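In structure tokens, one chain follows: the form predicted alone.
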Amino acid sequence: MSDASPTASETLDPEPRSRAKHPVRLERSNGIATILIDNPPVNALSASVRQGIYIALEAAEADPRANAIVLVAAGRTFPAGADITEFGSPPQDPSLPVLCDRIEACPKPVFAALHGTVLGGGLELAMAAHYRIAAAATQLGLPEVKLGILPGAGGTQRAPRLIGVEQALAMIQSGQSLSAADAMDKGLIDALDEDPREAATALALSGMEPRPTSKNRERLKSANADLELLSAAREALPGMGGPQPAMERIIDCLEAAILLPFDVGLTRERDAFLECLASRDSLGLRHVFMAERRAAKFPELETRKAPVLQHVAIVGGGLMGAGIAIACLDAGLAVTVVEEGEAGVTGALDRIGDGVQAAVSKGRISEAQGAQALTRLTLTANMAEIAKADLVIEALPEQAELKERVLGEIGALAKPEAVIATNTSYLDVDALAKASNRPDRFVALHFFAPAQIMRLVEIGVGPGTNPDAVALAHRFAKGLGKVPVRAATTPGFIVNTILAKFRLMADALVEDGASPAQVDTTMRSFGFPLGPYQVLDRSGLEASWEMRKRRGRVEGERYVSIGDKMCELGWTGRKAGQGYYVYNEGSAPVPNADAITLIEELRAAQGITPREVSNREIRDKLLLTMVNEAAKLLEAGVAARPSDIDIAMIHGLGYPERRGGPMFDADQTTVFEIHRRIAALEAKGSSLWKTAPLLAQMASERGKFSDLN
């Protein structure tokens, strides 16, 4: 690649015919060769990017006029990681480990100019450079563990040599990012500058020499102390959760960094990376990563751009309304909360204030941020105040008549372009939309309690909803840091429709002879953070009771009345002091002996002789119920994709993320086998089992749920 002029820009591409499209350029000026990565949106290190960097590096190294090399990226960020879509595909040269080794071995000094989110492979690329200069707002991290893998391009070997074993362990095992200031303090970067490219170029011009390569650096100091640290970390693994294979291999690789030559450590790291990449945990976590991005692609966003959202009004300041308000304040929005009377306003203020203070106490926000957030809050009993809002959310108790009456008021008072939303869990959204007199500007925003913590928001879209309203709802949910999933406006949406059948099956198993605590323990051992009866106690038994009363009993269907009787006795869960468990201040909840007695009495009244129910039966029947009901939702168009259901169940019900969700899990077992098991249960004549037609069709065609994504 000849260069007859002192300043030039070249496209680096092994295939000259596609030069205009190649994402790497080599620019030369004043003795500096600048390798510019331009692969929007996040400059992922795809095969073409790696090839371009490698070719550019060789060209710069061979150029006698280039005394130093600056590695920089266009757009919003330095490479934010590898191209995840390449995982599992045949490798393409150069691999990222080879590229990083090539950069580090360059005889000319290489300066990395960092900005944006320098994550995963992007940070490994930067660590291979001899010097790193970052903008103050840069975030740096090695989040591979969140995909069930570990850094595979030298991250576990270079990080401990730069920042020490203890810091490297914390960074890699948590997957959390560091601010540029923290990275500077720890020695991960060398300088901060608001224009890192200019600063890197200035340093390059100063004549600095390359640093010693990792293989030639001194051995890590305090080896014995570091080995003891890693031994303790290994012993703590069983209680840490997360993808265990990756967590264990991270420790193995850091031990290798202490005990073995650098080249051998790199080989150990690569073997561990490939082992983790093939693990069941990684398959599930990578599915979730892609599924979240797929779920966020609402069809309405193809033709509409959401308007700016600045002010939200929430009608109802109870636990749910207060939680939504806290989430909005955290996101920097102005919030008006409407409650009934002075007592209602005071109660809402207490709940919101307590929530903000809890965020401060847990370190999520500072005292100053908490105080500043409350300055954006208005509490009032005057419904007319909602006229200022771009979005009005009804968050009242789950009573149809109350919601319809208040939504009529909201429809009359909200400004014409405002979007109106309901937070209903089980009611008829289309009827609520009609009550507002603005069905075209009406959506459901189904939050999960506590709303300031739980990540899922189901966005219910009716047949007549204007795409602009959907786009605004989507922007709102994303702005809150939530995971939006689109659903049709069937009562219960995705999660609660599946949850209702899930709970009915759990109740049937209890009525047959299991205990609530056994069901909970079994599902926790599968990976759920809480069992179904713990969740009921936490959220309160009344909502599902009200739903059952509205639905009524269906002739021929099994009905379990345990929860109804408990509500009638006032055993509605944690807030009542007892439900399926008893709650005493200062001690852990214990199974409610009175509830066990009640269950025994109800069994006897129905002539049910309790039998032994195994943990395996509990797990299998509950999981099969989920998949069967989810297949019905797909067929009815309530959910757009199987992967949307996976995301909804992970973030709404706590399905173990490393398993990828119920639909991904079903594919691993095979839909054919799932259908065979459900059909066998249906053949026994229980009303609890009616095979979803879609499931039968897919089984006959040997299909997979992933085919429908």
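Start at 1 with the first residue shown and count on from there. Since this is a predicted model, take the numbers as computed values, not measurements.
What comes next is about the form predicted in complex with a small molecule, which does not appear here.
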is_contact(Trp571, the small molecule) in the predicted bound form, heavy atom dist at most 4.5 Å: no
The small molecule contact in the predicted bound form: Asp83, any heavy atom under 4.5 Å: yes
Phe111: touches the small molecule in the predicted bound form, heavy atom cutoff 4.5 angstroms: no
Partner contact for Arg293 in the predicted bound form: the small molecule, 4.5 angstroms, heavy atom: yes
Options 119-127, 598-606, 508-516, 428-436; stretch whose heavy atom lies within 4.5 Å of the small molecule in the predicted bound form: 119-127
Contact residue in the predicted bound form, chosen from Arg76, Arg364, Arg553, Arg619 - any heavy atom within 4.5 Å of the small molecule: Arg76
Contact residue in the predicted bound form, from Gly347, Pro143, Gly492, Pro591 (heavy atom within 4.5 Å of the small molecule): Pro143
